[in-house]
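The data below hold one chain only, encoded as structure tokens and taken in the form predicted alone.
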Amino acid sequence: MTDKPQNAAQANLGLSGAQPSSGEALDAQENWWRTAVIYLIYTRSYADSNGDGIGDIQGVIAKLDYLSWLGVGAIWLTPVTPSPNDDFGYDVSDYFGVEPQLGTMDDVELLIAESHARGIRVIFDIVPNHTSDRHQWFVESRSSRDNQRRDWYVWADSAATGGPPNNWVDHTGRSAWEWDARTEQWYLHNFLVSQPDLNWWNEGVCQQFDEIFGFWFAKGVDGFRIDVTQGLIKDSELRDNPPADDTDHPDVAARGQKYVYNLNRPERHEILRRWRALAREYSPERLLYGESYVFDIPSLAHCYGNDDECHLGLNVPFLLSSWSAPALSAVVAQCEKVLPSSAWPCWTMSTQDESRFTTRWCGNNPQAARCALMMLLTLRGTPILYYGDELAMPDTEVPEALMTDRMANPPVRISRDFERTPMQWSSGSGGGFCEAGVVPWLPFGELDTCNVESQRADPDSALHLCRELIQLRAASPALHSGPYRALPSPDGAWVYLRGSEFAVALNMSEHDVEAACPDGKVVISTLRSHDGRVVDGGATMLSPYEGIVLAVAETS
């Protein structure tokens, strides 16, 4: 396989075919997450090393050279801790161990060492809102009202009517309370019945998680993505949630109530500050990325605190925006205005919980997907690529008989399996994910062209475009850290400056548009034949879904 020769404009910026800077030896760089591209791996779906059809830690280790070639600065793995897999790792049964299907502690330590040797940081998922009902803590908690861990979970008596303590519903739309006949009380579960919520008013729970964070930090983990940060504390009086109305986000409206008392409590900030203080004890400071699943930017801003809570927060308004220049640019503009000056933006197009951007935004149009990748990798802030995004991998249809996701909650979502199918490494039997003849845990998508092997061999592929954008970003402080400024844009287009060195013009429509741009030279275009094109006279014609990164000409 050969990499695409760099054009003159790229060569002038130092972008030879060499490894990106993130492949250099790991150092003690502070705020490393501001310049890194983070790569999210759904661990079960990345690479199967032992022939059981399930991705594992050794499979990730085997692909580290690919990730180094791609240029990512950090990998984030979905939970590797033991789990009954009702929610595939997000129902934890032991925070100090490793799920046997995924590997061993030796494998984890090797993954960290091999990643660090390639200049790649390692981020783990931590799930503090709830555990599995098979965790020893909950087994003890439900054994007796007098058990020392009874108050580690949220228990309550029946309401005066004899039913659940209040009107809260879980994320499947059913009551969030489950009756326990043995102790004659209800326990809270904001997710599955088998995922009881921890009681974060209890100091014993707080101290236990201090130990959990410290244990994994000591192993060399560089940070955590913190699951459900908005749910950590519940109203101490367990008051009813008010009804939803027409001002609420559709996800809220679908469940009929505003998340006032079971989520988004102000007391959660004290917990996040506690963890940030713990992260500061390590050099460099360990990353805390909060999954704060909120639907407006002001609420997202609260996740950061006063530079004393999370370093990064999941930007749900961006993730769930429609694919249009006005919608996405408006989210970015609001983030630039509302986020505290100390806060660093974070951009995500796909996750393990949301449909892949190629399908959800781009209607499986490969040109639109390339435009979206250029947008993600040229905005001010930290980009997160979901595995396969670099290929413009779409959702995969999964027959109902093969569905595994138990969190399905029509009409909001039927299943999350569609975005979790195995990584597509090659077109042969097993797709490079597993051995030929092995049945993967979820079915493959279209392997013929959407796979790493064929795209690495094609210099005009989405994969090469993605890699070159990562290289350009790594080599250019203006792109990874410079200021963002929107420029006047025609209908369907989005034009912005990054520092004084680069302009980005994105045609997010199916029609040709003429965009006013500064004079300069195209460094990278989504239409590779346009690389190196000179823009002179303040305007350039963009083909449908074309995006360009322009090196702005120096002016006297």
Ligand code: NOJ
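Note that residue numbering begins at 1 and tracks the sequence as displayed. Since we're looking at a predicted model, the values are computed, not measured.
Although it is not shown, the form predicted in complex with the named molecule is what the next lines describe.
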**Report entry** Distance check, Glu291 to the named molecule in the predicted bound form, heavy atom within 4.5 Å
**Finding:** yes
Report task. Give a yes or no for Phe191: in the predicted bound form, does one of its heavy atoms lie within 4.5 Å of a heavy atom belonging to the named molecule? Result -> yes
Query raised in the report: Does the named molecule get within 4.5 angstroms of any non-hydrogen atom of Trp275 in the predicted bound form?
Result: no
Report task. Would you please decide whether Arg473 lies within 4.5 angstroms of the named molecule in the predicted bound form, comparing each non-hydrogen atom pair? Result -> no
Query raised in the report: What is the one choice in Arg268, Arg370, Arg225, Arg356 with a heavy atom within 4.5 Å of the named molecule in the predicted bound form?
Result: Arg225
**Report entry** Sole residue of Arg420, His302, His135, Arg286 within 4.5 Å of the named molecule in the predicted bound form, by heavy atom
**Finding:** Arg420
Report task. Tell me the stretch among 442-450, 260-268, 225-233, 94-102 that has any heavy atom within 4.5 angstroms of the named molecule in the predicted bound form. Result -> 225-233
Report task. Give, in sequence order, every residue of 76-91 that has a heavy atom within 4.5 Å of the named molecule in the predicted bound form, or say none if there are no such residues. Result -> Asp87, Tyr90
